[in-house]
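Presented as structure tokens, the chain that follows is alone, the form predicted alone.
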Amino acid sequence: MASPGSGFWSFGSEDGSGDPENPGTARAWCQVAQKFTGGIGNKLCALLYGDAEKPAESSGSQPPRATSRKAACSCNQKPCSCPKAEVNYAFLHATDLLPACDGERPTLAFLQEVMDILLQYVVKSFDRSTKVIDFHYPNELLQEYNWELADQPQNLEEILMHCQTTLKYAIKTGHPRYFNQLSTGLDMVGLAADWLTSTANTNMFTYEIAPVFVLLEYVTLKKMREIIGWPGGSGDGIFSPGGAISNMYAMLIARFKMFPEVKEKGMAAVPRLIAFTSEHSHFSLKKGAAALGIGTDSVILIKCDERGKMILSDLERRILEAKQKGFVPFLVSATAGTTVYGAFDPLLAVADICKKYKIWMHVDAAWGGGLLMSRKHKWKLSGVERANSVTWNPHKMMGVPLQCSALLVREEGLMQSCNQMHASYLFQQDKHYDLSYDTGDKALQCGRHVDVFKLWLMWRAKGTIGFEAHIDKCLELAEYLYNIIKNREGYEMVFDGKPQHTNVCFWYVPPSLRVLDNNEERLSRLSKVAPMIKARMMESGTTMVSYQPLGDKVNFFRMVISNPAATHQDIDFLIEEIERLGQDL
């Protein structure tokens, strides 16, 4: 069995043994691929061993077919009953697939073709010789292909082409050199789980229609609460469509806890409410306030120190200021892993202030929550156990496929009281099983996607130690990057000291700017460097890393690492690529 953090999980390794071009890896993939039916295994083996032409990064308007079938039949029977290798998709339409009568054979053949396309994309995603992105400007793609919807159906041959075209221009977010977002990587078990939930195609609102998934959500949320530090995993929670919605849930519940009458009577029945969060916090706090009728002006941004941590004296000053004006402070949202700097607010001290003034404490750990899985790094969230609610996005640092965000609440039953509407056509009270497993009435949504299964299945496959190895590796790679560039000519760090998370923030200063004094002209020219290098990166397709301004700081690179496939060599490549693309600026 592969050890946590080994090539089994990352597909890439420091010695290159995880490289898809490596014969050993190709052989391992081939052994797995042989289990597929309909010739997919043979095709994948041919692709990996080079017995068949490897799909090129075509620049033409029609990407090459990923499969090479035998001569297609010429029949136009509906449905076609030819063997898969001879199916002519030009004569088949979606109406020939299940639930069509005798649709089993064409359905199996079609889905195996789709699987063939997907498997090749998976392999290419980990191949460092392929592009991260085949970039085209929006108007080019609009002109090159006909994307318009029509009254008449297209045949399945065209549908398969659409699948290929879509993936051809998709960003390979699992590529070891994609560092652009907080959510990167492509986990094979998580991918399998996503396929399964799409096949099951059920809804999460009752045990009646999602029995196993509802139980897995119960088990997984309880485990996450235990890791946060709530005794016995007590409390409540729900998976939501992303961290922004999880943060809005926290505001909604905090408001209800303080003023339950707001549920029926609205904001007119309550005093002016004020929320507090750091100036480096996620924009979703203000968006949630706008959506809930609290108003963006009622979200007070607290000053941060040079490392991006909330300044406690400013927090307490602003709370007292709000109270003196007759307003009601109802929520403080501390951040565990800010989006840009990766900073962790001092949670223990924030908890003391919240207790002193009887304010709901929320922790937005969408980005930093994964560090709770690491014995080496979880200290950065000390005090999270004192929070009333926590946002935690496993689709970020833990590499679970999008989307997977959890809102955890310390007080059991509060979500239900806040959100339930007693819809009798869904939540009948005379069902023959324990109604506590009908969780839909505590959600804002009615229809709710099954997000838990990806996390649960990955957790079973990796174990907690597997997630720990993943997180420790990514933090080590960030420190490796920091150590290389902190004293390297042409680089300036945005803040001093090694990164708290995997966020490494820096400027690349081209040779032409290194001789200039640090004045307005230099800052103006420096602000254009990162956007220009990023544009060149995307056009060449070799790698991707994000940039942004922050406060009085002009555009700088924000490197983040959450993909366990990345290696030291990929970090070295990024540095060399930045210098290659920026030398002449």
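All figures in this text were calculated on a predicted structure; none of them were measured in a lab. Residue indices: 1-based, along the sequence shown.
Although not depicted, the form predicted in complex with another copy of the chain is the subject of the following passage.
- Using a 4.5 Å cutoff between non-hydrogen atoms, Phe126 counts as a contact of another copy of the chain in the predicted complex.
- Another copy of the chain is not drawn, but in the predicted complex it has no heavy atom within 4.5 Å of Trp379.
- Another copy of the chain is not drawn, but in the predicted complex it has no heavy atom within 4.5 Å of Trp360.
- Contact check for Gly413: no non-hydrogen atom falls within 4.5 Å of another copy of the chain in the predicted complex.
- For the marked spot (Met258, Gln324 and Leu475), a heavy atom within 4.5 Å of another copy of the chain in the predicted complex is absent from each of the three residues.
- Residues with any non-hydrogen atom within 4.5 angstroms of another copy of the chain in the predicted complex fall in just one of 344 to 352, 311 to 319, 465 to 473, 490 to 498: 465 to 473.
- With the partner omitted from this view, the residue of Ala461, Ile484, Val328, Ala90 that lies near another copy of the chain in the predicted complex is Ala461 [heavy atom within 4.5 Å].
- Contact with another copy of the chain in the predicted complex, defined as a heavy atom within 4.5 Å, holds for exactly one of Cys505, Leu167, Ile300, Leu513, namely Leu167.
- Although another copy of the chain is not shown here, in the predicted complex the stretch 215 to 246 places heavy atoms of Leu215, Leu216, Val219, Thr220, Lys223, Pro241, Ala244, Ile245 within 4.5 Å of it, in sequence order.
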